[in-house]
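First, one chain by itself: the form predicted alone, in structure tokens.
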């Protein structure tokens, strides 16, 4: 299958070349398009790769009926309607690591420029003056650097701060203690505690509902007098009015800004003309190396998402907590297949509206719970929901819209440490299907309800229940053979001799629905369910 990719906003040539080298990708490289022209063209593409100049709005996404992936050659996704992309099952991929060094270096370049009055010194020298006596500066050594957000960029800033002899303290409730320890950064118990001792405050967090205006009047008021506030992350994290007021009052000695609420910065903006404020025009990632890195990183992720379904880099897919998706492929397939089987069997019993989906997984799959829940949601909705956009990205949202509650728990009570169990429930009826995924290349389904099985169905599975009496297996084989249905695996299980038994039969397609009627005509066959699987979410 071939895919069309639209590349815009002057993406680095090496990134474009990476896409163009794939025979199954047709790449159209165009300049940044006006909105109307982009709207007219977007319906022809499976992916779009750009930077901040192209706005991927709700209207654009809804016009992009083929779109599977949005690639952002950079960190921020403010220009992308992420919630709509999630609803539509469109993966949104950025390049979080490519500009890390560039931003960290700009931070220290700007900070040193402020402390040593480099812009004023340079201007005076070019003007023919020698203002040495007026340019007494200060040193970074011995000062306390307070970092909000100890992710990639915050970590690089911390590493370089040690080289300047600074004391480094950070606040980040989402980062484990081990990272603080490895970076030799003291952990602040709260943002308020951090503010109380930060001579220099820098923020390295995304712009979200939680972080918008997080450094306002109250927070700046907690800083020591003469502190410096730096924002090279996103405009709006530091409140403009609070920052301006603190600079006017002398509470702050200065500020370093590379990002703004509205860009480009207007000519009459109150931050302009202040000698104690270093202003740069959002150039944190504007190095040749960074632009190359983010382009290659984003294009590689877009390629992998299109050609192999690799979604671990997608911002709007479930978090795998650092687990490599290549390790989880088999477990993802088990979760999807198990949910599909449970849904089909319940439907055969007259249960149409599933109310609860529960996923349990073994300790060897620690961290994969949310990913497995998304895969199970795909299986639960597959064939029920008429949506071409049903995938790992949209499944949780679509399940919630249908009132399906989803629960995920790690359990040591499963039969295997790499086990996955999916339960679907409606009212008083519930069915659990389980399997194991011992490694990336192997998986098996091991239980359907109370029956232990051992099958790995790929496209079609027939599930029968019958009385445990002689001759049933032979009759089933005869019916399938007469219909020219080839059996790949046949597993018969029973709870007790002479009681009820279950057969899980993996067969090759095609299989008509008429097969069920013929199987039910066999004496002692109680139920017959044909389970058809969609394309694996992991391949």
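Numbering follows the first chain given and starts at 1. None of these values were measured; they are calculated from a predicted model.
One more form of this protein, predicted together with nicotinamide-adenine-dinucleotide, exists but is not displayed; see below.
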Among 198-206, 216-224, 403-411, 460-468, the stretch whose residues bring a heavy atom within 4.5 Å of nicotinamide-adenine-dinucleotide in the predicted bound form is 198-206
Candidate from 252, 436, 103, 433 lying within 4.5 Å of nicotinamide-adenine-dinucleotide in the predicted bound form - any heavy atom: 103
I need to confirm a contact call. Of 304, 172, 370, 364, which residue comes within 4.5 Å of nicotinamide-adenine-dinucleotide in the predicted bound form, counting heavy atoms only? 172
Residue-level contact is defined here as any heavy atom of the residue lying within 4.5 Å of nicotinamide-adenine-dinucleotide in the predicted bound form; does residue 153 satisfy this criterion? yes
Is residue 317 one of the residues lying within 4.5 Å of nicotinamide-adenine-dinucleotide in the predicted bound form, judged by heavy atom distances? no
Although nicotinamide-adenine-dinucleotide is absent from this view, report whether residue 234 comes within 4.5 Å of it in the predicted bound form, heavy atoms only. yes
Would residue 421 count as a contact of nicotinamide-adenine-dinucleotide in the predicted bound form, using a 4.5 angstroms cut-off between non-hydrogen atoms? no
Contact check in the predicted bound form: 99, 149 and 259 versus nicotinamide-adenine-dinucleotide, with a cutoff of 4.5 Å between any heavy atoms. Do all three pass? yes
